[in-house]
Ligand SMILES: Cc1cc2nc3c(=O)[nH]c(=O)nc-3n(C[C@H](O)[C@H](O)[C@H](O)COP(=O)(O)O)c2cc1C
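A lone chain, given as structure tokens: the form predicted on its own.
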Amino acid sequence: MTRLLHIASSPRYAHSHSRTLTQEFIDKWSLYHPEATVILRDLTLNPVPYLDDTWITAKFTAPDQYTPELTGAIELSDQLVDEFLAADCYVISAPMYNFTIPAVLKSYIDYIVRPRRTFAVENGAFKGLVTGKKLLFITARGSDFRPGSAFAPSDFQEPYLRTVFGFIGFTEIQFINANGLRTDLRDQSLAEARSTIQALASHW
């Protein structure tokens, strides 16, 4: 049975374009995969704490050397990684805040990028361990960050997400970016996003 993990990061819920578009995608995708299970990880409802020194120590300590304190510090991360690795495909919805991703999504990423779990070091080189899985990002941006636009060089959202998830092994990464939602492009951008969602849902 296919397991899709939806990771949501917008705090706006009913007013969130990224949540709304992502739910539209999941609803359409589910029609083609009626046997699938969809799991929601809502980072606004259940935010991931910021890293601290104990957690970082645990991250770089072999599990057979954990103290009770390190075991407690890494417990949530282990749960999140287990949930993440159990999925077959992923949809991550995110607004753009200050040219990049929300802090709650960054914290989540920090918790799942783990040596020995989602990446390894072999012969002095990094190797991603999350392979053979599909990942879709659906984002909402207030300004126009399309290639060639004035704001395009300030898009630190998509490049970062491609880099960090590529680092842990993803090679099949797709984006649906709704740009210019606080500009005259709003209606056009939402229509284009929905058209892409419709086309992608049938074969993703």
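All residue numbers are counted from 1 along the displayed sequence. Predicted, not measured: the structure shown is a model, and the values here were computed from it.
Absent from the display: the form predicted in complex with the named molecule. The rest refers to it.
The shortest heavy atom separation between residue 181 and the named molecule in the predicted complex is within 4.5 Å.
In the predicted complex, the named molecule lies farther than 4.5 Å from every heavy atom of residue 87. None of the heavy atoms of residue 177 is located within 4.5 Å of the named molecule in the predicted complex. In the predicted complex, no heavy atom of residue 119 sits within 4.5 Å of the named molecule. Exactly one of the stretches 49 to 57, 160 to 168, 27 to 35, 137 to 145 approaches the named molecule in the predicted complex with heavy atoms within 4.5 Å, and it is 137 to 145. Taking a 4.5 Å heavy atom cutoff to the named molecule in the predicted complex, the contact residue among 189, 23, 196, 16 is 16.
In the predicted complex, 95, 96, 97, 98, 99 are the residues of 77 to 114 with at least one heavy atom within 4.5 Å of the named molecule, listed from first to last.
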